[in-house]
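The chain below stands alone, shown as C-alpha cells; this is the form predicted alone.
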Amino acid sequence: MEKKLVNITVDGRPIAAEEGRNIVEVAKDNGIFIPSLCYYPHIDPPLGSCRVCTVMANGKSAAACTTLVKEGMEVLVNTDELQDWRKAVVEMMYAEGNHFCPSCEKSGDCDLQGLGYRLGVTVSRFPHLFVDRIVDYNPQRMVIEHNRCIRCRRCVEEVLTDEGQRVFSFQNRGNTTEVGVDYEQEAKLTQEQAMQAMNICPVGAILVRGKSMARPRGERKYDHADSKAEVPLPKIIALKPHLRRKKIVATTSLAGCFGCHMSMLDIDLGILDLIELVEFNKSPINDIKKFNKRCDVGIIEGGCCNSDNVEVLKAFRENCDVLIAVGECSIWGGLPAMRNFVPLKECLVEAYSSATNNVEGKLVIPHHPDLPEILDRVYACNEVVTIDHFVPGCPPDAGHIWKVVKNVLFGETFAVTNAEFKYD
C-alpha cells in the first residue's frame, strides 16, 4: 500500500515526507542533521529521553524523535535559540555527571563527547555537582560506572538474555534515577552479548571485565569526525593600549600537573617566531616570579585547591587585561577534583593515616601558618574570578592554545581542527 505524502517545511525548506514518520528520520533523509544521544531507528516507540533532538514544531518545542510529521507542519531545527538549548543540555550532562574524559576508556569514541565537540562546548555554564556515586563491581562480566551514565535507556531496551529477559532497568525516581542490574540475568549473557552492551552505551558507563575500549588517537570515532560545526571564536577584546612594541603574556600553573605548559612548548621552533612578537612576564617559562608590568593576556593552568592558588589567580585577574583558562583542571577542576566527592577531613585522614610522619602511632596532619590552607574542594577558575576564554583538553593541543592567544592579541581569525579540539 502506497504511503501518504504530506508537505512540511524544515527551516523554511519545503519537503514532501511520508505521513507518520518522525522528524529525525525525515530530516536525515533530506540531509539535515538533528543530534541525539538516545535515538535508535529500530526502537519503536523512540525513547525520547535525552531531549538533545529538541526542535520547534508548529511553534512548540518537541523531541524530534517522538514527533510525527503531518500536513502543513513547520519545523525549525537550526536556530540560534535551539542550538543554545542543545548546548545547554550537553553542558548539564557534563555538570551533573562525573565525566573525567582523560581517564575514560571510551574517550574519543563517546557520543556525548562527540556532540560536545560538534556544539563547541568549552565550559559548562552550570556548576559541577560532584555527586558521590558508587561503581558497581557486582555483575559477573561487567563493571557499571554510574558516574558516566546519562540514563538514555539504550541498555534497558537493547540488552536481553537468550530467553528475552532484561538485564538492566531504571531504579528510583527524579534525580536519584539510576540503572540497576539484574545480576542473575547478567550472568546468563554470553561474552558477545556483554560486548554488545558495552558498545551500545553512548558513553563509558558499561565496561566488560578484561576488555578495553581505549584506542590510540587518530583511530577513534571522533578524532577525525566529519563535522561542519566550527568551534566558536573568542570575541576579540579591545586591549588597553600600552607604550611598547611587544604584547606581554603571563602564565601560571595552579592545581594541575604542568602538562598544559609542556603543551604550549610543543609548538617547537614556532616559539622563536612567537618571541619576536610576545614578551613573557611572571611565568615559569622564563622564571619571573612577580608581576612587574601590566600584561595583555594571562594564561591559567590548573584549578584552585588551596589559598595560595586563589591568591595567585586573583593577582592574575588584577594584572592581566584578558584571562584564558587552559586545560580541564582550570575549567572545572579536572582530575584533582576527584577529591570533591569526599569531605576534606576524610581526604586528609586517608592521605596521612599511613604516612611516615606519624609520631608514636598518632596521626599527624601538617599544619603551619606558612603552609597554604587547603580548600574544602577544588574550584574551577571561573568560580573564583571572571575568565574571558576557555581552551579545553588534557592537555590542550599547542595549536589550539596559541590560536586563541593570537586571536586575542592580534585579532587573527582561526579554525580549530578536530585533531586540536579535544577534552582528553
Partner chain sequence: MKKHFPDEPLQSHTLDMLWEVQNEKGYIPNADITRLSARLGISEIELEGVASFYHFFHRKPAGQFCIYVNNSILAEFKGYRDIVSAFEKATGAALGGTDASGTFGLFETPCIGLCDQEPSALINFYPFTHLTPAKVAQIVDGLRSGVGVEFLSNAVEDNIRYTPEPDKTVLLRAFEPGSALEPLLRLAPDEVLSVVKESGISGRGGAFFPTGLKWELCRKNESDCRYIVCNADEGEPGTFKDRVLINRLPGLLIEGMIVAGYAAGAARGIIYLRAEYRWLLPKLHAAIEMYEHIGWLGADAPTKEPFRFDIRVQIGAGSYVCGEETALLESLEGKRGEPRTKTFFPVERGYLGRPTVVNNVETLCFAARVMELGAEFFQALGTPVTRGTKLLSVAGDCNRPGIFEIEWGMTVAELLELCEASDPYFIQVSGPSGQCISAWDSHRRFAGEDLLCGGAIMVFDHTRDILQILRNFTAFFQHESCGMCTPCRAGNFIFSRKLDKMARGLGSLQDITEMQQWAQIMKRTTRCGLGMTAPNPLLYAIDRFPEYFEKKLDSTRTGLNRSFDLESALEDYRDAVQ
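This one's a predicted model, so the numbers in the text were calculated from it and none came from an experiment. Positions refer to the first chain, counted from 1.
Omitted from view is the form predicted in complex with its partner chain, to which the following refers.
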Inset, instruction - Considering its partner chain in the model of the complex, find the one stretch among 267-275, 126-134, 210-218, 103-111 with heavy atoms no farther than 4.5 Å from it. - result: 126-134
Legend entry - Heavy atom of each of 140, 397 and 405 within 4.5 Å of its partner chain in the model of the complex: no
Legend entry - in the model of the complex, the residue from 172, 190, 286, 199 that sits within 4.5 Å of its partner chain by heavy atoms: 172
Legend entry - in the model of the complex, the residue from 259, 336, 180, 120 that sits within 4.5 Å of its partner chain by heavy atoms: 180
Inset, instruction - Evaluate residue 32 for contact with its partner chain in the model of the complex, applying a 4.5 angstroms cut-off between non-hydrogen atoms, and reply yes or no. - result: no
Inset, instruction - Answer for residue 166 alone: is it within 4.5 Å of its partner chain in the model of the complex, judged on heavy atom distances? - result: yes
Legend entry - Contact flag, residue 58 vs its partner chain in the model of the complex, heavy atom cut 4.5 Å: no
Inset, instruction - May I ask you to check whether residue 71 falls inside a 4.5 Å heavy atom distance of its partner chain in the model of the complex? - result: no
Inset, instruction - Any residue of 37-60 with a heavy atom within 4.5 Å of its partner chain in the model of the complex counts; write them all down in order. - result: 46, 47, 48, 49, 50, 51, 54, 56
